[in-house]
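Heads up, what comes next is one protein chain in two forms, each shown on its own as structure tokens, labelled structure 1 and structure 2.
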Structure 1
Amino acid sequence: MENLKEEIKIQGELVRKLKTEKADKAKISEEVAKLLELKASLPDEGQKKFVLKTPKGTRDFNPYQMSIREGAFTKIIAAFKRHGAETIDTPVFELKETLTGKYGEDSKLIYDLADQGGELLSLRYDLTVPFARYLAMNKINNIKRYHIAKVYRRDNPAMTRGRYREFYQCDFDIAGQFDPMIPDAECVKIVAEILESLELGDYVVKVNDRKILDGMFAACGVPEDKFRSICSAVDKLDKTFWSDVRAEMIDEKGLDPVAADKIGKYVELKGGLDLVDKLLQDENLMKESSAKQGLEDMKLLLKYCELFGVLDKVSFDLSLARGLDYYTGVIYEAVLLGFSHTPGSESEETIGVGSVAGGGRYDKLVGMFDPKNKVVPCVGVSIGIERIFSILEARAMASEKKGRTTSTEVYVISAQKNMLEHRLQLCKELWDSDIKTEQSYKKNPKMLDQFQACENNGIPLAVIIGDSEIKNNVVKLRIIETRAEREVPRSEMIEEIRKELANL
């Protein structure tokens, strides 16, 4: 190949030289022919072989998978709307400075984009920071909103556990100045409603408070400038062992081993109102005003959760930290008990999906974007939809019942040849009446093939037309599952189809 390319290069230079010297045309034509012959012997580089794969941490979704996803989205949106939320949308990328410094140690996972028109941009890491920017930019002080969109993280993906580089988030947030813990408890209630509606099995919503954590760190002797980094270390307790977290605190974060051991005794505590009361008697904690305020808030939150009927699903857990820097108060995380895993175990990659929802209060984030540092208190929750999808898909694949990928209600079938025009008229009539309808795209399809199409696609009803039906101004309605047929007058067709669909 290299020799051939060298010959082509030499021959090309010869042709250019002859043309420059205005040599004999016959000579030039002869050398050009040789050049073309050499080029023709090159392999066709247009047949380049592509690596047919999606980028790391991303995936395609087939129609069956999309039908599962759409079903889940419908239930989630219904819960958001039931609680009075309206929706917004924001760009998939933001100014880099908008995202910088909001995520703590996770900032290294932000995707930066190449300079475009003088702006340094990054793909959005979540939907919360863009929401805060939206509030500050539009001077909005009060809104209840949901937002479902893709976000991007330059993570090392574990796709068997629903972890991706590109994935959907489903966020619900309440912004505004309200009395303590009322909107916070509603967010916990919404998580419970969504997990119940998706029928994912038993779950627990862990709750904690950043003020309690900060007070605990102070009481244990953690310097204030290490609060956030120690918080990030504690956040890993659901993924690894305490011994690993302790080692990180001491070896990487430079924390005194005595302080680390004190933290270890607190983070193993979990319970309910009884634990709140116990901690309110802890003299060391009560010296820290933030811990006292956080525990009073927690007591109120658990009381409201009881009134909402979800207290049995809530656990006050001092190991819950959530590493993002912008949280200022209550934090929570929902975990499916049937799919939890032992940190570091061999089964981690196969059945563990980690948390499926998380969120908390972030009262200072909007102020970071406001020129006057105006505070707009916010609390919200994000549903880990990709992890939920991985469970729903696995369950669907294991089920014997075949799921539908279309919503088609009626299939128009011709009983004889030359019925295409009559089928088209029937389809038009059904579509105009908002009935989801399909037919064969063949002019004269076989009747058996048409029935097979109904069964393959789970279409419940067929409308059959033939010469006798046209003559008598009727159509045959057939229930595909039972194969029961009856004639109905053409004028009553729409009404009878709707009755059958309602019954089915």
Structure 2
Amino acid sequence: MENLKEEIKIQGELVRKLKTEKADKAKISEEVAKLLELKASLPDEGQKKFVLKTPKGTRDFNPYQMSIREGAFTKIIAAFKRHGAETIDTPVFELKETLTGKYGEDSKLIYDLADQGGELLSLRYDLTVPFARYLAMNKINNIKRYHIAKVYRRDNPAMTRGRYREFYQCDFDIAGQFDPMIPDAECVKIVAEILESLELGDYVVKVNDRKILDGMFAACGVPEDKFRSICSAVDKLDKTFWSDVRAEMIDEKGLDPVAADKIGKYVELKGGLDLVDKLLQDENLMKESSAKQGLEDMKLLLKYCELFGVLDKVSFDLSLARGLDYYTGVIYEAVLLGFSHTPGSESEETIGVGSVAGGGRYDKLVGMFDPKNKVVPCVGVSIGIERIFSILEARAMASEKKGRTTSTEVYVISAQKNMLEHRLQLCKELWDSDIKTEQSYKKNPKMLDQFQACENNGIPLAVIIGDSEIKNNVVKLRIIETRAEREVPRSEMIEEIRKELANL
């Protein structure tokens, strides 16, 4: 195989040399034929020039999918703006060192760019670390921003469950030194508004606090240097059984089984203010100042959620841990109840789609970028738009009425041959009047094909031009749905079309 490639190369060079030297044509033909023969004996590559696909874990969006996606984005952006958020944008790649040490065990999933000389770069893994870098770099102490953009993870994608290697995140974050839990509660409220506006059915916003988790780990006897790795084991509880998580803690992470079992008791707990009060009575937990602080915060968070009218959607859940290293306080995760599961009891497909938003407080991340370690406390949520999109798409597929992918209002139709110039002039006039207009790109399209184009694409109105219309200085307006037609003077065409469109 390698020999064959070498032979092809040599033969190719010979052919090029002969051509350059303007050698005898018969000689060139002979050598070209040899070259082609050699190439033909190359297995496969002759016919199959390449694999026609998108990279693993990625996908294209067709116009129909785009219209669904844009519909969801519109509602999400409306919610962000309703809460006064601005938007920013950052590059799709960052200096590699910007991402280093921010994601704990997940760092192995970061995409690196090839070293082609110059800086070492990685694709962004989320929008939170670039946001923190942006704040530190621009010395911003105070901002409420949303950012909708793609992020990249070399994960093993389960695309049927709405998990991809390239996916959109929709992040809303509030940065600044404020009084406790006021921005934190607003994040819960905004998640509730978004999930309700998208009509995704019933949901619950699980909340917990890293300070409570850390206090609980300390109270259970976990050594401090194991907090993050044990936390990351607890995080798997939404996808797997406690017995597996326990085994990971003990076998992989070297935790004392006694400590693991104590954790096992705590992570079963969920509730509301009652649970907070109960834990505030837990003597072991109360020895840990971090747990006490976290529980006081939780009490405040739940109270503010009540004032925001979303307490019935909130569940204080001690099994909620979140995988990322950078959280320091409240953490959130919103789960659709129609898609929730007991591990093992339902099919794989429904498992991953449950979680549709997540986030938390990360008070120290900006400081990691600041030369003087200046702290800018932050809290935020990320909407899981890909999973939401999977649900909306499945719903649209199941529905009878297919949405439009264009918003064309008028189709210019020629009634006879040789009308192209008239059509072009009509289109110009319509476009210049900001009326969304299309026509056939054929010189002499068939009448039926033109009507068909209107029906296929849901275009409501047609302007018809033919010899008699030209003679009478009129055009014919046709309402596609009713097939009603009427003539209007050419000079009043735009006005009449505006009237018709207003009535539709």
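The term rigid core refers to the maximal set of C-alpha atoms that superpose within 1.5 Å between the two forms. Because the structure is predicted, anything quoted here is derived from the model rather than measured. For numbering, take structure 1's sequence and count from 1.
Between the two isolated copies of the chain, the form predicted on its own corresponds to structure 1. When the rigid core is held fixed, the Cα atom of T58 travels less than 2 angstroms between structure 1 and structure 2. Here S390 does not count as shifted, since its C-alpha moves by less than 2 Å between structure 1 and structure 2 after the core is aligned. Relative to the superposed rigid core, the position of the CA of S67 differs between structure 1 and structure 2 by less than 2 Å.
Core superposition places the Cα of A33 10.1 Å apart between structure 1 and structure 2.
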